[in-house]
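Here we start with a single chain on its own, the form predicted alone, put down as structure tokens.
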């Protein structure tokens, strides 16, 4: 089964991705001076900037605008920007944002934009053509479903301690942790082939810590809503057992392990410059704390996680005779639960990030 077809399109993801931008913005300053460290040879004709997992483009364009500013401090060479995502991604909003005729683009006549459809776990660009590569959150989506079923819960990391409805066994979690490690190696190997020596790779993804995990609350309410669909006989218990979101929330140690483990396939390809676990404020949480408007909060909360979970839900239940009814029920029920029990689904956005430099080939 395909893991996901991408984020919800037609502008929905762009409209509900402000929390992701907060997490992205926190680490962008890491790249402000990175270009100063890059040595360009006389053969360099173009600076390559790439964002993997661009979705509908609002956040991706913001990232590359920041990188262009960093490059322009020291170089006036032509810049090639590339936004990449799955072939099934809705690129239409991105194309509009990149079109000068539609008021988009990068306000620099020497910047040329393109998109590339493909799996981020494969090499997608020519060797040594990239100077900066970034990815934000996309690496959290696993390359495949390693288990046919995950009957105790809808996410490999298991339920929050607060909600504690459902369970994932240690053996099951180990399978997903190992795949997450392997995926990260595959991603890094592909980027190592594309990056020039000295090129930078910034990886940021939703995370897990001792106190908070970004999955807590979000997947608890989604799980409760799907269980309600079981209770309403809209799906069977067997359907529930088979359905899960193939997404893994890494700790900081899990993010950096492939680059620090001497036995890793990529440890000799990159230098780990810095890494961090952090928490950012969430706009819709801040607004709720300010106004107390539970209706607005529940809608924003639900739309936020719907933007990146709906595609997986649809894939899992693609053969359901009333798919549209099921999908709407699950997210309507999710919003209802958040509205009724906001304290049950408390949400914190924590993230992990690592900045790496491509080593020169031996």
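Residue numbers count along the first chain shown, from 1. What you see is a predicted model; the values in this text were computed from it and never measured.
What comes next is about the form predicted in complex with a small molecule, which is not displayed.
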{"query": "Heavy atom within 4.5 Å of the small molecule in the model of the complex - the one residue of 141, 240, 212, 284 that qualifies", "finding": "141"}
{"query": "In the model of the complex, segment of 66-74, 314-322, 47-55, 25-33 with a heavy atom within 4.5 Å of the small molecule", "finding": "47-55"}
{"query": "4.5 Å heavy atom contact, residue 86 to the small molecule in the model of the complex", "finding": "yes"}
{"query": "Heavy atom of residue 136 within 4.5 Å of the small molecule in the model of the complex", "finding": "yes"}
{"query": "Contact of residue 195 with the small molecule in the model of the complex (heavy atom, 4.5 Å)", "finding": "no"}
{"query": "Partner contact for residue 288 in the model of the complex: the small molecule, 4.5 angstroms, heavy atom", "finding": "no"}
